[in-house]
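Quick setup: the structure tokens below cover two forms of a single protein chain, split into structure 1 and structure 2.
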Structure 1
């Protein structure tokens, strides 16, 4: 039975309507899907009178006219259609990227290039990438298969799901203890890197493999690790379900866009574990309803190595031109005997370059390599004594390596961390203080700036959580540090209490 909608009104805020049905509806502009939502689940209102706001990522496009239709996704039936005008624009609304390629919202409401708008010659490179990574996994002794939406599309229709935007791979380890499964994943990462792939780690058992394509662009494929334990399958990032090993092994195959790929022995079993028994019915606005017990297990065992890492940094517009007040303060307190300054969590690297221009030998390190590429280029062009390196302050292996690497630099060494301790979690703060202790010994110091009240600097883009200054001083003392200097200041527009603390910490 097809759902019905009445009294549909569309304006700059969103869509209002009356309906007692709850089906998933596609919003199309001039015939092209841009978004999907459930009539009841995703809307607010009383009884049958419902409303839903335009998702934030779509709003910047809503300036012009379009034929807007609301289509029952499963029944493929138009429930509403009208020519509408939004914003003040006079042209047609075009939801597209800078190159004019159509965009739409995927199930997580991220604006992406979806498969439904790609031609078959654009799909072929993705199929090649899946093939490449599955072969690489096989060579590394890992029995990979297509997973999540990629498996769903393949098993259900032999095609990619139109409203999907990426391809996912998975594997189930033959190990059964979380530690062994992670050790296997670390070894896998080494093997893939040796094969020439760039690999980014997302958790103890999930990585993204970056595959170069013929046109020079890079495609990232997620590889989710999993394992069996006490009759349960746990698979990053959403699955925890009673499972039989024989439903995975020996692996079978599925057809996808005319190609054959490895699949679990019983894809239907894995799909039910991933999406529930309703997996056969398409849902472009699907939300995972992972039970707390599974989420807590996956979080506890494997997650926590990406805390505080900002997204979308590295754009030219956001890179500050001026050095921070903090780095100038540090520079003023350091005499010429300081051998090296290391900016921990350097972000864009503006402060590091400024230190180099003052004649100081300086290193910047950050988990977001894209954020500092521009400043690294600048430093190279100006021939400054400045270097940058990648570090993940929430990953112990990376912190150990950074400490060992930088301990060879000339001392005394000064470390700086501007709004880093207040961006990380406790484990990350411990890691920073461990690095500081190793590197600042022998006459060096650790300088940091943290936010200590909820009042923010209006120019700040960071995701800081204010720290209690007394708690921080206790943690520093627990790491053997001596807070030799503490001062507070106000970095907000508002007059009144200080919101920032600056500390100088030394070790004997």
Structure 2
């Protein structure tokens, strides 16, 4: 049965309609798909209607006219079509890259060159890359196969999925212990590098292999590792499911775009583990729903230092070339005996460079290493006593490694954290205080600035969440720290946080 939609209205904000059905719908501009969504799952109720906003990546293109159609993806039936005008433009809307090549949103709502807009000649280099990497895996002793959407398209239709944009490979290790599986993965990486490939690591058992094509461009193929343990298959990405080894080995083959590639012995079993029993029905708006038990195991075993990396860790200056009032306050309280200052959550690194210009040896640490690239280059050009280091404050192993490394720096050592404790959860705050306890011993100190009331400046640009000052002092005391100085300021700083507190903490 084909779904129905009534009272469809399209404007610059999004699409509004009435429907009781829940099917996946393609949004097409002048006959070309640019986006897909589920009528109920992905929309919000407004009165008796449903509405959905335009995805942010599409908005910059919405300036002109187009024949917009809403098409039931499975039934291939138009539910609505009309000529619409968006923005103030007078031409036709064209969602494309700078070279005029069509773009569309993939299942992750990322603008990409989708396979449905490429011809066989454009797809051939990808097929060559898949073949190259699978042979390289075999040579390295790893029994690889096409996986995820690549396997799905091959097994279901013999071709790449039109709304997909990349290719995935996988393998199942013969080892059953996570440590052995990781050791094997790192050995695989070294072997591939020795073969001449450039390899980027995602996690303990997932890598991207960069394959040069004939025109000099580089294509990256994701290789997801997995293993069997206690009757369960764990495969990086999303899989943790009851499984039998005979469903993988010995490997079989599948046909993809006229080529033959290695595949699991029973592709349907692996596809069910990846996408559920409904994997046979095409869904360009598919969302992975990984059980918490699987996510926690994969995080703990393999993702390690990437856990929680998207969480805010400090706030950025609105004017990144000027030091904060906080670092100037700290500098005024540190005499010449201080050997090293370590700025946690350093952001752009502005305060770190400013300290270097004052003649202080300083280190900046942050999880977003690209943010401080400019300041690092500036420090090198000026030959400042400044260094930067990556750290993930939400992952204990990363924090302990940083603490052990930086504890060798000349002391006394001072640790600073401006709007870091109030952007982290309790585990992250505990991690920062662990580092502070290690580095501040021997005459050093920990200086921090936090927001302590819920009053927010409407122009706030950070991710600051106010802390209760008494609760924070109790947490500090629980880590053996003594708040030797506390002052509150009823003002707004560059991070947009109002009513802030500055603390100096010492350890015996």
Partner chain sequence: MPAPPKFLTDRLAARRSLRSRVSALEEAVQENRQLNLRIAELTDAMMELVVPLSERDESKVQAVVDRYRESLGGPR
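The term rigid core refers to the maximal set of C-alpha atoms that superpose within 1.5 Å between the two forms. Note that the coordinates shown come from a computational prediction; the quantities given were computed from them, not determined experimentally. Numbering follows the first chain given and starts at 1.
Selected structure - the one that is the form predicted together with the partner chain: If we ask which form is the one predicted together with the partner chain, the answer is structure 1.
Core-superposed comparison between structure 1 and structure 2, residue 385 Cα displacement 2 Å or beyond: Yes; residue 385 is a residue whose C-alpha shifts (by 2 Å or more) between structure 1 and structure 2 when the cores are overlaid.
Yes/no, residue 395 Cα shift of 2 Å or more between structure 1 and structure 2 with rigid core fixed: After core superposition, the C-alpha of residue 395 moves 2 Å or more between structure 1 and structure 2.
Residue 364: Cα shift of 2 Å or greater between structure 1 and structure 2 (core-aligned): Superposed on the core, residue 364 moves its C-alpha 2 Å or more between structure 1 and structure 2.
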